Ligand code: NAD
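In the form predicted on its own, a lone chain appears below as structure tokens.
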């Protein structure tokens, strides 16, 4: 089997890891990297034993597929050029800034017969992948994504920076139209929302409460799913699940008897590697990835709706 020729456009913090993963794949040839900083491109190229390009158009000419790991504002323009050239695209999340831009990418990918995958990395977290076996009928979902401040990603609202991961996961789990949303957010240290919470109410009765912050003192990434017969607790960082199962029996106090099982997944490791291998498999088999442009657009649509409604209640603190 011939190696897939892949390039990486944008090798900042995350793009560097894309380049590393591709360089280590036996069935991939990393043909080059591009960055607006040629010094950075040359540094990563040397580490990955490939070529640095000062113009990404030259890289497009030599690749079959690309990872686009630029700031979100450039996703649409760069993505359209890559798809127009017939390249398969792995686009970091969020897919674009606007729904119109996302629609254009999806339409062009379809017309060109190209793969368009969106980088919702948590779909490939071992805990989330193992969770599918235990999902029955979610009644109430609690999601927390609390991070320490990092200037990377602050070009967008915290909803697009962090919460969109959980939006994508919840939409994939609940599989029901939204009935109502109740969002709140606040700008604390940047010009856009830094802390946000939202209640999502679905037509099938499920309710999800989602919280995100990028100004916390410590990092917490947890998902809790309450069902009639069980509660599932996923720790993204530890990559494990706690399954609390409720039998029909009752305790002396009148509470359902519970049995907790701890399921660690420490050896299944690298979510980014799994995500990029999934992309390369889609390139080879021409099968749609689990997070295509359509799923990326769905998450973006809800995220933008939350942002718009938050603005009505926005509190900005000038320090």
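Numbering follows the first chain given and starts at 1. Quantities reported herein were computed from a predicted structural model and do not represent experimental measurements.
The next section is about a form of this same protein that is not shown, the form predicted in complex with ligand NAD.
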Please determine, with the chain shown alone, which of 85 to 93, 225 to 233, 197 to 205, 242 to 250 has non-hydrogen atoms within 4.5 Å of ligand NAD in the model of the complex. 85 to 93
Does any part of residue 121 reach within 4.5 Å of ligand NAD in the model of the complex? Heavy atoms only, please. yes
At 4.5 Å between heavy atoms, is residue 9 in contact with ligand NAD in the model of the complex? yes
Using a 4.5 Å heavy atom cut-off, state whether residue 287 contacts ligand NAD in the model of the complex. no
4.5 Å heavy atom contact, residue 51 and ligand NAD in the model of the complex: no
The one option of 63, 276, 45, 69 with any heavy atom within 4.5 Å of ligand NAD in the model of the complex is 69
Partner contacts for 16 to 45, taking ligand NAD in the model of the complex and a 4.5 Å heavy atom cut-off: 34, 35, 36, 37, 40
